[in-house]
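Quick setup: one chain, the form predicted alone, written in structure tokens, and binding and motion questions come after.
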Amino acid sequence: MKSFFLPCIAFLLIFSDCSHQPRHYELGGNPIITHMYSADPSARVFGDSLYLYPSHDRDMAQGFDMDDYHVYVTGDMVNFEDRGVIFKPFEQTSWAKAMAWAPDCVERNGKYYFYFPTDKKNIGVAVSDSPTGPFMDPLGHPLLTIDSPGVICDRDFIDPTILVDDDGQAYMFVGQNTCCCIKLNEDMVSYDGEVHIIEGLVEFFEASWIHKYNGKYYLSYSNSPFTGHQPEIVYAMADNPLGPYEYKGRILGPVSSGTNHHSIVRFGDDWFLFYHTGDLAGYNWPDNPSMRSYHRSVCVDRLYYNPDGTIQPVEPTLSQQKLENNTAYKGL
């Protein structure tokens, strides 16, 4: 018996040592989407692929003018496949009228929930059996609005981001100037009725993103452009998703688009910061710098943590080859 068990134990030890093969990814250069303009990237990992849900800066836009959503899929962080339009809120809902801006998407119980802002005041939710859609409006009305009891918002009510915590409780953070948070019910299309106001966010403006790392909660966001500097991506940390949060500093400095919007995600064994810039539009319209504000392009770079859990600032990268080979709209 002894001679039988010893080889088995040795096999199990060898197998356990080899059971986790590190997955690291090379990057293909920025911007990562060069056939159209995209902004406000929400990156999510479902299964073995990373799904990117940005807003869509339309070709002829002279402002923040978006009316549909695409999804992009990658398994290698180099090739991002455009799976086409997954949702058109102004055609597929009876209540959304204009301005479909930064979305987010999460999975729960085999379904995918796509959260999106419209009209500067509504947060809707659409549902699909697939991360690539099609998505449908299950409610026939917004999930949350600027006029919902408990909401504090003195500007645009936009930029939802979702955390499904380890205990199964889901949270939605949303808002501009003030960060509001609701606890979503298990159905993900309703909430418990109480709106929580998140504290400790220095110069909070918009573009909130929530993620978890080593038991800590990281709420990152774009700080205010009305305090003497261009918007940066900064962050605060907490031991509880509702805070209180402690401000920690900058992740990403000002970018060429003026606006700054991001997401943070782990894919394989690497962490990544997705964001947008106006560099592609600047290349296509060198004599018209204003085009960079409304024709943005999604980028990605690696993100690293310090031993104490704080985040190292990210230096954005740019590929001249990607700029030269772009096929995005160049007309006026």
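Nothing here was measured: the structure is a model prediction, and the numbers come from that model. Throughout, we count residues from 1 along the sequence that is shown.
The form predicted in complex with beta-L-arabinofuranose is left out here; the points below concern that form.
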{"item": "Of A96, I158, I86, V234, the one that lies within 4.5 Å of beta-L-arabinofuranose in the predicted bound form (heavy atoms)", "value": "I158"}
{"item": "Option touching beta-L-arabinofuranose, based on a heavy atom within 4.5 Å in the predicted bound form, out of V265, M66, L52, I33", "value": "M66"}
{"item": "One stretch from 199-207, 137-145, 163-171, 223-231 that, in the predicted bound form, holds residues within 4.5 Å of beta-L-arabinofuranose by heavy atom", "value": "199-207"}
{"item": "Proximity of H276 to beta-L-arabinofuranose in the predicted bound form, heavy atoms at 4.5 Å", "value": "yes"}
{"item": "is_contact(C179, beta-L-arabinofuranose) in the predicted bound form, heavy atom dist at most 4.5 Å", "value": "no"}
{"item": "H295, heavy atom within 4.5 angstroms of beta-L-arabinofuranose in the predicted bound form", "value": "no"}
{"item": "4.5 angstroms heavy atom contact with beta-L-arabinofuranose in the predicted bound form for Y213", "value": "no"}
{"item": "Residues of stretch 95-126 in contact with beta-L-arabinofuranose in the predicted bound form (4.5 Å, non-hydrogen atom)", "value": "W101, A102"}
